[in-house]
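Shown below, as structure tokens, is a lone chain in the form predicted on its own; questions about how it binds or moves come after it.
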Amino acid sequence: MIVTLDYESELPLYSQLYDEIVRGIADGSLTSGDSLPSVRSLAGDLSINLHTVNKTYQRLKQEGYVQIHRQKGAVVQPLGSVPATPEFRAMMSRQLRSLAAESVCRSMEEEEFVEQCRSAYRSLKGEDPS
């Protein structure tokens, strides 16, 4: 899995790294039982602070995407083992409302917005995005 971070982005690096790893789990680049690189190794590879990677791994653990083992490090959990909780659904709704608001302000048609959402979801599921 290749991780791409935008060091100039307003989005914090730990959030970008979290998003990249979750995307990798969703699209199958990372599968159940895969070990993530050590905190030190990933921080070195990405030229970021150890604490940034550690914060990302702790958030992934908290959300149920990985388990942290003393000997194995961070290990990916099976796909589907993290339920869509009411809290997740509320967060998703907030984020979608923000994206919808920006789309309206930029005069994007509803159908194009919905198609973008559908395409992103299907591409992560390995389905034909069209």
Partner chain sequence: MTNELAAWLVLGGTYALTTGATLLQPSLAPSNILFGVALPAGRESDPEVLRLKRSYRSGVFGLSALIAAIAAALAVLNGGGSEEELSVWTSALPVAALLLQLAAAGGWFVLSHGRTTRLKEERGWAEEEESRGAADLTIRSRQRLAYPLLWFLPHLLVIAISAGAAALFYDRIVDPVILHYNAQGLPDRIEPKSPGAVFGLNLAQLTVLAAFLFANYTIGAARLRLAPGAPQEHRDQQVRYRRGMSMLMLLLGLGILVFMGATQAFMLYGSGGQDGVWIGAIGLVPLLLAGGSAFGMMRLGRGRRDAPVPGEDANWKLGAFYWNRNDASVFVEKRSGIGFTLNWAHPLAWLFLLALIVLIIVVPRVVG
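For clarity, every value in this text was computed on a predicted model and none was experimentally measured. Positions refer to the first chain, counted from 1.
Another form exists, predicted in complex with its partner chain; not displayed. Remarks below refer to it.
This chain appears without its partner; in the model of the complex, the one residue of S81, S103, T85, S29 with a heavy atom within 4.5 Å of its partner chain is S29. Contact annotation: V66 falls outside 4.5 Å of its partner chain in the model of the complex, judged by heavy atom distances. Heavy atoms of G73 never reach within 4.5 Å of its partner chain in the model of the complex, leaving it off the interface. At a distance threshold of 4.5 angstroms between non-hydrogen atoms, S41 is in contact with its partner chain in the model of the complex. Its partner chain is not shown here, and in the model of the complex it never comes within 4.5 Å of any heavy atom of S93. Although its partner chain is not shown here, in the model of the complex the stretch 1-16 places heavy atoms of M1, I2, V3, T4, L5, D6, Y7, E8 within 4.5 Å of it, in sequence order.
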